[in-house]
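In the structure tokens that follow, the same protein chain appears in two forms, which are kept apart as structure 1 and structure 2.
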Structure 1
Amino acid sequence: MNIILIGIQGSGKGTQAKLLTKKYGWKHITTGEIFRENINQKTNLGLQAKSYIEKGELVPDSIVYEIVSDAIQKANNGFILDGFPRNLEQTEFLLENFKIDKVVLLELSDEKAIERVMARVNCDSCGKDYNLLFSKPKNDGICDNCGGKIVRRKDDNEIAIKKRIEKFHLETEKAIDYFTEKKLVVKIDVSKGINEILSEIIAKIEQ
């Protein structure tokens, strides 16, 4: 199957995508990861994307489309898209060029989203992720994995999070409306536990 996970910041897209990938063997495609892969491999697209990123500019959709299309075409056993599409134009491009079976909308209130994202931290040495609400390190401020220092990402402050949430409501909700018109959307309440959410996603996509 070809699945899109869509939801507000902090709704657990990455967590659920990893669990679904493990169960079904689908390729987990995130724009951040495929950008990094292309940049590290010094592909033509990666070098083009890097030139925009280094100037602090958004990578143009034309390059994003090529990078995403390349990743999708390599996903022979199905894929989970996480972080794309973010707006109506990207949605139209996707549906014009690829078959999408289900769009899983992870529903979470703005308040809960802010609370969850503010609780996200990671190790500044090995990069291991933690969440102070669900998966704390055993010892405060110290990584279980390597003993490194636990830090919060610079862009996970309340002002930055609110801006990203506002952008989601302004842009991504138009994409959700479009998917809803095409009868592709299944809604999941993500205020529950991780395994309960996973079971509900599996039940709805296998219907």
Structure 2
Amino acid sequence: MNIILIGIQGSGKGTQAKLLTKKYGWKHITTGEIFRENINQKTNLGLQAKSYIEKGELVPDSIVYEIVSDAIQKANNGFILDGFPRNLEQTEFLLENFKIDKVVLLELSDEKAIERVMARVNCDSCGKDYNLLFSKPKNDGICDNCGGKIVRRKDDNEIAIKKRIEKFHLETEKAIDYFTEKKLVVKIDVSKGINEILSEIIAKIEQ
């Protein structure tokens, strides 16, 4: 299956995508992560994307299309898109070029979204995700997995997160309306536990 996970910042797209990937063997394609890796490795793509990302702006579509097409072409056994599409143009591009089976909409209020994003951190070395609200590392600032340093994403500051949430309402919601018209959307309330959310997603995509 080819699935899209869509939802506001902090709604847990990445967390659920990782769990679904493990269960089904699909490829997890996450545009934000691809950009962050390229920024760390100081590649050309990273240099192009960096200033947009740090301000909470969207990276230009042409750059995004290249990385998404490339990743989808390498997915031979289904994929989960996380972070793409984010506007109507990206949605049209996607549906013109690739087959999508289901769009899973993760629903969360703006208030909760901001609260969760401000509490999310991860390990500098192994990348393990934590949330200071409900999944803190055992020792402050130190990764349970590898002893690495716990850090916050540079764009998870209040100004950039508010801008991203505004963009979600202004642009990504148009993409959601379009998918709804095509009857591809299933909705999940994500104000509950990770495993409960996962079971609901599985039930709805297997329907």
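For residue numbers, the reference is structure 1: its sequence is counted from 1. The shown structure was predicted, so the numbers you read here are calculated from the model rather than taken from an experiment. For clarity, a rigid core is taken as the largest C-alpha set superposing within 1.5 Å between two forms.
Remark: structure 1 matches the stated condition (the form predicted on its own). The rigid-core alignment places the CA of residue 107 less than 2 Å apart between the two structures.
Residue 28 shows a C-alpha shift below 2 Å between the two structures [criterion: core-superposed Cα displacement of 2 Å]. Once the cores line up, the CA of residue 97 ends up less than 2 angstroms apart between the two structures.
Once the rigid core is matched between the two structures, the CA atom of residue 60 is found 3.3 Å away.
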